[in-house]
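One chain comes next, on its own, written out as structure tokens in the form predicted alone.
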């Protein structure tokens, strides 16, 4: 299997392919290759919204070959945090890249005018996007589906008005219902005047031993569909966590003022499934169907019929635009998700920013003058809808500040004690205890998906765990996800891809690895990412933890600053950072 990188220079309107066998042999693919290419392409202190800042997409050796290996990783410099940007998306993108013959794509430069990139096998074209600049993300997808060839193995990724306006947490919509959501990839697209990529391919894949491949494939497939390893993701999806965390008192509510939501049952996964579920979809190459689509009925216009919008939902959007904003109706949550989809906003950051603004207005740090008379109040869906549109349009200084993230807005208007960000990234929907806080601080993306600290907390709630053991769990998961994200598999399938199954599946595509090899690879990848973070100014010894985390009782009880400091100290010591 030839391991190739496609390079595209928007400034020069050129593209070329390089064989990088050694790069893939040493770093596997996915996130391992992504961080090495970022180090090559992004000099220290590069402005993330300049022509010099690259965008890198990479897949791994299992994508398009084995079930549930469905993700693509985007690596970039984050305009939100100023350091490592990394985001993952499913859909058809990894399959399209595989069959177009590219395991990684590097995008450099800046287009002179709004443009989109069309990749069809080895043919790369940079095309005029002036006619679709300013169009919402959903409509852009419809237009490009009609304009560009290819079906099935084609993927269309694009930004909405938020990316064009360079909102620091703008995302990229992938196909219809998936996203590169976190850390502002959409703003980097916008800075390059890059509206979209359309990728399709017709190449075939050869495996060294077809009989062995079939044996391993069937084993993985049966584990995914005939056991309970992935059952919950099909049945209700991650939104099942709303009820569980609400019961545990770990569900952030009203900007973390509370850790349970009295109206939680109204926005639970069970309620969505019973009253709003329209259909389930899968990413290409996945048999599970974990993408849950709701039907949202809205008035088309006064005195006219209704229209039905199809909106994807899962746990994080329901937390960030639901309980965290005090929105207690499923229809209200879906309305806000739909607005974020059209604009191309990361739902998690958007919800946290609005919850801070609501509290800041309550406390008098801002007034109706700053909000332009938009009412920001808990459960105020219509006001939140207008505010989301305003932070993209930036009609005044206040909304311009919101567009730069909650840290920036709180430093400008005060209220840092309840500006819920860790490492500069708006927090995920877990107030489970100290491991969740520390996990998001030390993780390479400042995300709950880096090391699942929330799961460590929940283990500790069931059976008390020493702090050192909690830190060991975080480090182990940090490293192991480096390997898994180099394959690049869906994190929901971690129970399918055991260490043994990873080794066997790699063997069938001609890659021989031992358990020790994988452990060493995961550690190396983590270290390379931290090297980039430190180069760009990240300092774990000088991180901010919002005081609100210590004021609101979590699922594990009241968290103290001393516990968090002790865990951070142990983490640095065990990593050998002094």
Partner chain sequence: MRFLQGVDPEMIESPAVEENKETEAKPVLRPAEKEAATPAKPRTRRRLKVAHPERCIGCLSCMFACSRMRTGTVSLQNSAIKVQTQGGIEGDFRVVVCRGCQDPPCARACPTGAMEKRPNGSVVFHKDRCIGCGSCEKACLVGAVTFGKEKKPIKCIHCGACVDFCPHGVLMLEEIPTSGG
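Just so you know, these numbers come straight off a predicted model, no measurement behind them. Residue numbers count along the first chain shown, from 1.
This next part talks about the form predicted in complex with its partner chain, which is not shown.
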Counting only non-hydrogen atoms, choose the one of 243-251, 322-330, 345-353, 196-204 that falls within 4.5 Å of its partner chain in the predicted bound form. 196-204
What is the one choice in 412, 476, 363, 145 with a heavy atom within 4.5 Å of its partner chain in the predicted bound form? 145
Interface residue in the predicted bound form among 127, 393, 222, 297, criterion: non-hydrogen atom within 4.5 angstroms of its partner chain: 222
Is there a heavy atom of residue 64 lying 4.5 Å or less from a heavy atom of its partner chain in the predicted bound form? yes
Tell me, yes or no, whether residue 287 is in contact with its partner chain in the predicted bound form, where a contact means a heavy atom of each within 4.5 Å. yes
So in the predicted bound form, does any heavy atom of residue 419 sit within 4.5 Å of its partner chain? no
Quick one: does residue 99 come within 4.5 Å of its partner chain in the predicted bound form, counting heavy atoms only? yes
Applying a 4.5 angstroms cut-off on non-hydrogen atoms, the residues of 223-239 near its partner chain in the predicted bound form are 224, 225, 226, 227, 228, 231, 234
